[in-house]
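Same protein, same chain, two forms; see structure 1 and structure 2 below, as structure tokens.
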Structure 1
Amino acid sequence: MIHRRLVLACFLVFISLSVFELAEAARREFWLTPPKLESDESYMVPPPPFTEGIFPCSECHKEMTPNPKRRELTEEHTNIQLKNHAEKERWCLDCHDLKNRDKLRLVSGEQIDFTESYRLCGQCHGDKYRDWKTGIHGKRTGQWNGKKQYLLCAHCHNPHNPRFKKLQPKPPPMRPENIR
């Protein structure tokens, strides 16, 4: 009799433990999965911050033969300087696609639109990408209980020189003794 009870008790403990673990796993899973599938362009983003008149890139590039050799650009795009962004290790074609100039390129070789550039940045900045998807990193506007707009990484960080730029602060408050 005692034997049977023991087995039953063990069984119960086992069941409750696994239920607990499952719930915990589900909870983790919840935060780790993005709200929707990545590939269906689910994030509402404003247009990427292109320099006036520069897009589509193919306008100019379609006449040229692509040159995949790593080099310093001396004729065009001289204003673009890679800074504070591992400039020794990479150059244009690590992120821009050689064949389709209007696309970005992931390490896997997949071509993506500029509106999905977060996937490109997320390849290295995985922690930020995860926080961005759940609304912790970066700025969202719109409805707190409905449609939101996400800013792209590039709206705040110049991709070629990503450190956030300093701003001029708005005026300080008046001191109480000066308020009449």
Structure 2
Amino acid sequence: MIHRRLVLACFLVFISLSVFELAEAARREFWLTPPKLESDESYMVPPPPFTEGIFPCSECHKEMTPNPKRRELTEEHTNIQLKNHAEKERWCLDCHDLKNRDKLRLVSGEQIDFTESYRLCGQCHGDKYRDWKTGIHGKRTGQWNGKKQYLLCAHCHNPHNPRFKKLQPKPPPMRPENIR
């Protein structure tokens, strides 16, 4: 009888460890799999809102030896500050590719164009990515049953400081009889 209980206990421990391992593998797969397009249809997006003269990045970076070390930028890009975007955990090369500076890099290592930056944002902001695809979040124009054009996340949010700045309220409208 004791032998059967011991065998049953070992079996239950084995099953529990196997389920835990499968759940861990699924969790790892989820976090390391960036959003993919659900069909061959790509999203029509306007060009990303680059600062004048900053793209292609390889124009300046082609002669530089890549330095993957996290550091404060003191020579170039000093105006870029990560704020309100997990700045203590983030670094340029979390999103920008180390070797091909004209590409972004997903957590899986896949390189993508800046016109697909919504996939990069969607890695961490999956709910917003889902809403963006259906037109709930962001701006989408076009026909309801035809081609649509989407604005990229960067058209509304600064990727380095995505939180909107506070708006000052405007004064109420003036009545025509009060206008002089």
Partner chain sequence: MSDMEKRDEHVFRLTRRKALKGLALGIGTMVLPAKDASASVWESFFQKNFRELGKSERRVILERLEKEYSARYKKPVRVKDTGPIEGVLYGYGLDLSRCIGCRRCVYGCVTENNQSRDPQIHWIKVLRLAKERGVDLEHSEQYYNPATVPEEGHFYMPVQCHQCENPPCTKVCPVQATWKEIDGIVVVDYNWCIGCRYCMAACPYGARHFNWKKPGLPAGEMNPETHYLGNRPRPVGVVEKCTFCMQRTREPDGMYPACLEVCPVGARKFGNLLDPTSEIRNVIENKRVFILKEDLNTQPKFYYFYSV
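Along the sequence of structure 1, residues get numbers from 1 upward. Just so it is clear, the model here is predicted, and its values are computed rather than measured. Here, rigid core means the biggest group of C-alpha atoms that superpose within 1.5 Å across both forms.
- Here the chain taken from the form predicted in complex with its partner chain appears as structure 1, while structure 2 comes from elsewhere.
- Fitting the two forms on the rigid core leaves the C-alpha of P56 displaced by under 2 angstroms between structures 1 and 2.
- Superposition on the rigid core between structures 1 and 2 places the CA atom of G142 2 Å or more away from its counterpart.
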